[in-house]
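Single chain ahead, written as structure tokens, the form predicted alone.
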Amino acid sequence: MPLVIAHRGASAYAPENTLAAFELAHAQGADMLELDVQRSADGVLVVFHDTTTERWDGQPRPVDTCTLADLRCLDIAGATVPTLAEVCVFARESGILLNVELKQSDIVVPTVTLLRAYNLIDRTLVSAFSASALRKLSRVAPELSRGYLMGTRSYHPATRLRELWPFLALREIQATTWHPAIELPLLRQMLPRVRRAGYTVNVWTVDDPAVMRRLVAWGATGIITNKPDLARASLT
């Protein structure tokens, strides 16, 4: 069975990237939590997606200029910003897997240190769009699974080539997993080839049951979704 990976938790029903969303995702049968990690101005690893706080407080403050106390004051649709340590505690207690996306390229070492402290290395996949972050990750923690994220918004020729033919990039950073966006061109043709090359493939972000089943038929090993309950019902 493919993994049901809850995108920022059960974010269709609860505030994204919060403990409420992660707890609900677990209750809905998710196998893994996908979450975004950044570092605050006072050095705390926090779970937060955007580069600024503007979506939540109307102020374009970069996250790395905000202290943990500043971020805790944000109203995330009635919830608060959690730390990565708090999510690690939940993962240890619940047994759920983690897919940690690095939103900053310089937080590899503290992220690995925290995962080791909570004995979660073998239960965590660390993902990034940044090749430099993934290369550093392979040096710092070669035993940790690495996922290369690829999207559709960049039209730089080198980026587009990497998305259309990901093998060299996956090999170069010693990835275990490819994370293509559902909108990626030629995904139907490339997904089975990437699987045959020995990589697992988790596709993001998919909320349509028919599309989920089609991706699994093509060989997807995981579905990253805002609706883990729907994915669980559709793929069981």
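All values derive from a computational prediction rather than experimental measurement. Numbering starts at 1 and runs along the sequence shown.
This protein has a second form, the form predicted in complex with SN-glycerol-3-phosphate (G3P), left out of what is shown; the following refers to that one.
Among heavy atoms of residue 31, none comes within 4.5 Å of SN-glycerol-3-phosphate (G3P) in the predicted bound form.
SN-glycerol-3-phosphate (G3P) is not drawn, but in the predicted bound form it has a heavy atom within 4.5 Å of residue 101. Contact check for residue 129: a non-hydrogen atom falls within 4.5 Å of SN-glycerol-3-phosphate (G3P) in the predicted bound form. In the predicted bound form, residue 149 approaches SN-glycerol-3-phosphate (G3P) with a heavy atom inside 4.5 Å. Heavy atoms within 4.5 Å of SN-glycerol-3-phosphate (G3P) in the predicted bound form map, among the stretches 59 to 67, 163 to 171, 33 to 41, 185 to 193, onto 33 to 41 alone.
Taking SN-glycerol-3-phosphate (G3P) as it sits in the predicted bound form, the stretch 201 to 218 comes within 4.5 angstroms of it through a non-hydrogen atom at just one residue, 204.
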